[in-house]
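Okay, so here's just one chain, in structure tokens, the form predicted on its own.
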């Protein structure tokens, strides 16, 4: 019997050793030239997160040996469909996720969420932070935030506040805005930022609070009216430098930015994660990537949150921040 157990142990040890060599070999060969990396974006094509992901994919190609990187738009359910697709993908480094602040709101916002944000992903690092802008249809009679506030109070429930869908950045900003001014508006959710913006420009809805990555070009073209930015200090970009903060305009304690991060399926080999994180760090220093993000009003992250552990720590803190706000509002993305 003793001999049998010794033999079994030896076989098991050998099998584990072979497995370890195989995983190491996979990591050493990553990324393979004949493979394609897919970045899942859990929102509609053409939206702000899609734009960030496409710019990042371009910047990460070179440090990853020129591998092809494609974008897979998997929108729906507050961003949880695309996130779940990534969580269930093979943990080999060839399927990644770029998600925004919704990564911290899904645990509360989405009923019966089929994964755990805290434990079903490998955190790769933060990408950027994007200010928000409060914008209105071009025919809005108000010329500044004070006048807009008076107009909202006069119309209240008649005001149509658009967003890109339940759980989107524009939905969350709108939720905070209504809470801050204590006015319930008629909320109009769309399947993505692009159709919401189209209706805002066309005057079918009155207001929207959305990311500068999506609003800057419309503001510059004077297709919408802008009433303020959601940062503590004014922005310095050419298009938005003269736009006041909402705080300075009278909306106290209303500061919110939308951040983006990158994730991989849980169980992705450590060596592969290290290569992806290294490529991400190089991309975040790429002058063209920085220029594109700045042109959209986004600030590329250059602090400790580009490290996986700090990225995860930040997201967990955001979950704790947003959970009571969403519960109080009683909104869910089924």
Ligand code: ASP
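Residue numbers count along the first chain shown, from 1. Everything numeric here is computed off the predicted structure, so don't read it as measured data.
Just so it is clear, the following notes concern the form predicted in complex with aspartic acid, a form of the same protein that is not shown.
Heavy atoms within 4.5 Å of aspartic acid in the predicted bound form are found in exactly one of 45-53, 64-72, 276-284, 31-39, that being 45-53.
When aspartic acid is considered in the predicted bound form, residue 200 lies well away from it, no heavy atom lying within 4.5 Å. Taking non-hydrogen atoms only, residue 262 never approaches aspartic acid to within 4.5 angstroms in the predicted bound form. Taking the partner from elsewhere, residue 83 is found to have every heavy atom lying beyond 4.5 Å of aspartic acid in the predicted bound form. Taking the partner from the other structure, aspartic acid in the predicted bound form has no heavy atom within 4.5 Å of any heavy atom of residue 133. 192 is the sole member of 192, 76, 91, 244 with a non-hydrogen atom within 4.5 Å of aspartic acid in the predicted bound form.
Of the residues 127, 229, 97, 169, just one reaches aspartic acid in the predicted bound form with a heavy atom at 4.5 Å or closer; this is 169. Annotation for 75-94: no interface residues with aspartic acid in the predicted bound form [heavy atom within 4.5 Å].
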